[in-house]
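Next comes just one chain, in structure tokens: the form predicted alone.
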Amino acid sequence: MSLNKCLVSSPATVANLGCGFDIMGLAIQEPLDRIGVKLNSNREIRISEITGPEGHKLSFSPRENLMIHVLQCFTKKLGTKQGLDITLEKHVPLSSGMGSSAASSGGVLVAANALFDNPFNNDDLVTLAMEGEKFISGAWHADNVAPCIMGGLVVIPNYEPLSLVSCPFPEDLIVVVVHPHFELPTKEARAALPKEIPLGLAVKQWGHVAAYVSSFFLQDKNGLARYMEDFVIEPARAALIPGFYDVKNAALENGAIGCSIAGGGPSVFAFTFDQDQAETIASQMALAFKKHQIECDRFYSPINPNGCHLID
């Protein structure tokens, strides 16, 4: 090992992206977590410091903090008993639909991997990070952790074995995310999903997914607007987000090409190709939430192409 400490910037993410439940996600420019991993001499994996506006909500306990869990998986796979200290500056809001758990697990794994001279590739790291998602929500999914680690837009066509496809995207695409100030745990969001889907509805959804992914590859802006619509997950979860359809309508009426729930919610995202328009869309979405007595944070940026990366 050439280093004894690594510090990583780890981004928030938006998963599902409309019709792509559990198989699509992208990284955004902000908010970002800062995660450090440092060698220690006592063979213990522990958290030494948690700061940031969301840090007070997190536990230092190995039984409750997913960063310790995924590093235990990491060192076991590596075959080492090296002790590690973790520091976290937490900015990605918890239970927000913005990939907070993915930012923690992805960031700590990328930092540890760099510390040990990069023994694992992206597929390995995403697989390990999914252990963190299962630890938190009981579901083994990659639509947040993959773009968090890899950056950009990622499609996951298969889980067994894991298959990851980095997808091209229009460089001028702006992602607007409005985060309402209440938490919606992933377990609760998943519990709202239907257990079965009528075949005709499933076929309609599959058609949109295929055309939607194709639209990203072809840089087809009209296709992105036309095929984002989700017929299965969004209707099931909309009731969990007060004022969701008012917020969605506010986005569309102010020029967004599409709008849906970010991950499991309660955050809501929209797409636009106009930087000035992005601010208006974000403001009007937040105003729609405010009419339901809910305050919001607003973010808008191009897609983050870098994902987790080392910083000085």
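The first residue of the shown sequence is 1; numbering continues from there. Quick caveat: nothing in here was measured; it's all calculated off a predicted structure.
This protein has a second form, the form predicted in complex with ligand HSE, left out of what is shown; the following refers to that one.
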Contact flag, Gly264 vs ligand HSE in the predicted bound form, heavy atom cut 4.5 Å: yes
Heavy atom to heavy atom, is Ala12 within 4.5 Å of ligand HSE in the predicted bound form? no
Do Thr75 and ligand HSE share at least one heavy atom pair within 4.5 Å in the predicted bound form? no
4.5 Å heavy atom contact, Asn16 to ligand HSE in the predicted bound form: yes
Residues in which of 143-151, 121-129, 168-176, 79-87 have heavy atoms within 4.5 Å of ligand HSE in the predicted bound form? 143-151
At 4.5 Å, heavy atom to heavy atom, what parts of 186-201 sit next to ligand HSE in the predicted bound form? List them in sequence order, or say none. Thr186, Arg190
